[in-house]
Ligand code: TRH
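Presented as structure tokens, the chain that follows is alone, the form predicted on its own.
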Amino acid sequence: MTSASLPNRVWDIFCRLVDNFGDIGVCWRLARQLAGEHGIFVRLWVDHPESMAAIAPESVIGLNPFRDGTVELIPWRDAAPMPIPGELVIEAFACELPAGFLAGMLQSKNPPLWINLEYLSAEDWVEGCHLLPSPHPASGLAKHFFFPGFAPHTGGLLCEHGLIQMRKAFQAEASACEAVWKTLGVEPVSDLEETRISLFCYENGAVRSLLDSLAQDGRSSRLLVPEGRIVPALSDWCGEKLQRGACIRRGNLTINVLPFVSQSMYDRLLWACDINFVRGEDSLVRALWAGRPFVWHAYVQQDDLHLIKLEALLERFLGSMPLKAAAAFGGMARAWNRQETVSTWLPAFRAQAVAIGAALEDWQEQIRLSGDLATNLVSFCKSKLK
């Protein structure tokens, strides 16, 4: 693409697949929203573009049109020739730009705005670091740190226009949920007392106590598990190998192993379930927008740094909850992330589900007052490039 053929608004997003699809999932959602809602031509550079098929089967190498804008999915090869940089370059999660592209930025008559999109955190220090510039040591070109977050002085969270209204309409229509179950090959709801729980997590020693508690509970539960890293632990507990499509019952617990679903279907799975176990960054945000009680599994880090991130998140959540709901929500989250038995907290968590869900709905509205991540990013770009 030559300078003469560059559209007016071109943004480049660079993303490396670290593990678990989390990084790439965030970048794909961001690229789609920038294209679809803000009319930006986005070039999404991905080092493993074939992995996009799992979370976004509609994506293809090349142009992916979304309403008024376009996403161009490009295989990231460091040695390949690089095009002229767009007006804004996003280095997602400190992935480091390829040398050839960085050289093009430094040689530009009007260098692009350079953004380092950081990981999501609820910690207080994020507000002080959001938008801080860091000069490149060789050229002095500033890289600005853009932090997603839950507080007013952060970049906010990814939330597409109309998402909350769409989710509420879905949850108000029984046939919408039934369509999800049919698509996923899950039995429709026949027992109105059955609790439907999605389970998407990293390896976790607490899963056995969760399964024991659900199987022994007086109420029926159905665990819906997208295939992934936790399935071997479920197989060990069941005493037989579970694969995609498996449906097995133990006591009052039924387990369905689902295919690894697309982002859009995963959103609907969260909307349709009564409780959601989620992991990492993208799933946490989508669970929040689902308005259902959830249990977050933070990505495990050395020296238990993930537990600090968990406490920061809980500090923001719990203050808006009634005391019993806060105790159940916090107790369950801590036990799950410390990989301790959850049987002590699960009954209270289920009993407080309505109160927890209502508090999360209220908290959603507070977060949305600060705007969404894509729109805030566009506003910052306009302020710097005007």
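Bear in mind that the values here come from a model prediction, so they are computed numbers and not experimental data. All residue numbers are counted from 1 along the displayed sequence.
Below: the form predicted together with 2'-deoxy-thymidine-beta-L-rhamnose, not depicted.
task = Look up in the model of the complex whether Phe14 has a non-hydrogen atom within 4.5 angstroms of 2'-deoxy-thymidine-beta-L-rhamnose, and give yes or no.
result = Phe14 lies outside the contact set for 2'-deoxy-thymidine-beta-L-rhamnose.
query = Given that the partner is absent here, does Arg279 sit within 4.5 Å of 2'-deoxy-thymidine-beta-L-rhamnose in the model of the complex, heavy atoms only?
reply = Yes, Arg279 is a contact residue.
inquiry  = Under a 4.5 Å heavy atom criterion, is Val261 part of the interface with 2'-deoxy-thymidine-beta-L-rhamnose in the model of the complex?
reply    = Looking in the model of the complex, residue contacts with 2'-deoxy-thymidine-beta-L-rhamnose include Val261, since a heavy atom lies within 4.5 Å.
inquiry  = Taking any heavy atom pair closer than or equal to 4.5 Å as contact, tell me whether Ile55 reaches 2'-deoxy-thymidine-beta-L-rhamnose in the model of the complex.
reply    = The answer is yes: Ile55 has a heavy atom within 4.5 Å of 2'-deoxy-thymidine-beta-L-rhamnose.
ask   = Using a 4.5 Å cut on heavy atoms, which of Phe146, Trp289, Tyr266, Phe150 is close to 2'-deoxy-thymidine-beta-L-rhamnose in the model of the complex?
value = Of Phe146, Trp289, Tyr266, Phe150, the residue with a heavy atom within 4.5 Å of 2'-deoxy-thymidine-beta-L-rhamnose in the model of the complex is Tyr266.
task = Could you spot which one of Thr154, Thr254, Ser283, Asn204 gets a heavy atom to within 4.5 Å of 2'-deoxy-thymidine-beta-L-rhamnose in the model of the complex?
result = Only one option qualifies, and that one is Ser283.
ask   = Based on heavy atom distances of at most 4.5 Å to 2'-deoxy-thymidine-beta-L-rhamnose in the model of the complex, which listed stretch, 318 to 326, 334 to 342, 349 to 357, 22 to 30, is the contact stretch?
value = Going by heavy atoms within 4.5 Å, the stretch is 22 to 30.
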